[in-house]
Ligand SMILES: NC(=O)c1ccc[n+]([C@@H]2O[C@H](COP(=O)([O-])OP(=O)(O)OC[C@H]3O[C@@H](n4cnc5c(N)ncnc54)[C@H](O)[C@@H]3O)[C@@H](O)[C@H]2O)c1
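Consider the single chain below, provided in structure tokens and representing the form predicted on its own.
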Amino acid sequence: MSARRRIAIVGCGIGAQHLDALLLAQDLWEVRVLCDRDLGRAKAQAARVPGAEVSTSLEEVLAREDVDVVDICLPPALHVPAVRAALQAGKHVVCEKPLASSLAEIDAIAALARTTGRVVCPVYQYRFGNGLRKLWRLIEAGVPGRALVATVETHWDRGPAYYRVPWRGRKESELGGVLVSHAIHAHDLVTEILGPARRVHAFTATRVNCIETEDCAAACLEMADGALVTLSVTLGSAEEITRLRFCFAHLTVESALSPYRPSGEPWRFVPRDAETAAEVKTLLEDFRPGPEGFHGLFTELALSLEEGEEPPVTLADARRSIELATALYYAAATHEMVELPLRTSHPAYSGWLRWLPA
């Protein structure tokens, strides 16, 4: 690297985990500012970074010439205006999920990014895990064969204490429930690995907490290649897990069970025959692990900015994730089977908020 990228973190809630990752990659990143409306919270995080400054104003951060990248870790309803302001200020942008609440907003952000010549990197940290990297090595070699079925379980535990944070559990501020605030990362991995969905059907319900948004969901997906996928989500599980299980023609694959790091080790690869077993062993015996989670995302982002390449997670990736969430909400609200892709003429293209549970 010719120089470290100078970054400001805006929002010191989940932003504290981003800071953990940036401190692991100090050869690539210089954290210049910690910004939060709660000055005490900003100061607490800035104390971990010699020389870092604090602010309570996004506008103040965007006016600084010593900031190249703005990392937006605000409540969901604030993402789109903050991303737009950062791009207009000439900054590259990292933004937590969900990046937006509509395909229309994603398309407008993409147009603005092209106009300003700046990069937007949505945060999907599950894409950076060594178990997942092993699967990709096998897929690239053609070992698993065609996908048959897959299941995804996002079974977490969230109760009243979690929802005491004022913006959580409210349609106007969280923009949705389990489908966009909790399971979106695991669902993103499905479309990353298997490609886009062709048709979806879904159910949502609020069964665990007294909130405005859904905290349980179930869905069926038919992927573009014909593979069938089921999604199961709840915030009422006594044991927290995230599990992805793929049955391919020659290989069955199961992720780690860690609720927040399912793409990390250990992953199970179960071959159907001795020939496949030999191929798996050969391809994975010299595997070298890389940085995972937020650390992996920020490491690859810094390198992509240095080389002038696309970020490790693109706006097109975020668009596919938002499109799936939109289709799931619309399907649950209308009790219809929804076909993808969603066109600009689709009733939910401009947003899913009106289709959230009443």
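Predicted model, so just to flag it, every value in this text is computed and none were measured. The numbering used is simple: start at 1 and walk along the sequence shown.
Missing here is the form predicted in complex with the named molecule; even so, the following discussion is about that form.
In short, of 283-291, 161-169, 221-229, 251-259 it is 161-169 that has heavy atoms within 4.5 Å of the named molecule in the predicted complex. Although the partner is absent from the chain shown here, none of Arg137, Glu192 and Leu340 has a heavy atom within 4.5 Å of the named molecule in the predicted complex.
Residue in contact with the named molecule in the predicted complex (any heavy atom within 4.5 Å), chosen from Thr154, Ser263, Gln125, Thr204: Gln125. Of the residues given (Arg243, His185, Arg84, Arg118), His185 alone sits with a heavy atom within 4.5 Å of the named molecule in the predicted complex.
The named molecule is not drawn, but in the predicted complex it has no heavy atom within 4.5 Å of Glu212.
Residue contact check for Asp38: one or more of its heavy atoms lie within 4.5 Å of the named molecule in the predicted complex. Although the partner is absent from this view, Leu23 stays clear of the named molecule in the predicted complex, with no non-hydrogen atom inside 4.5 angstroms. Interface residue remark: Val208 is not counted as part of the site for the named molecule in the predicted complex, having no heavy atom within 4.5 Å.
Contacts between 60-88 and the named molecule, taken as any heavy atom within 4.5 Å in the predicted complex, involve Cys73, Leu74, Pro75, Pro76, Leu78, His79.
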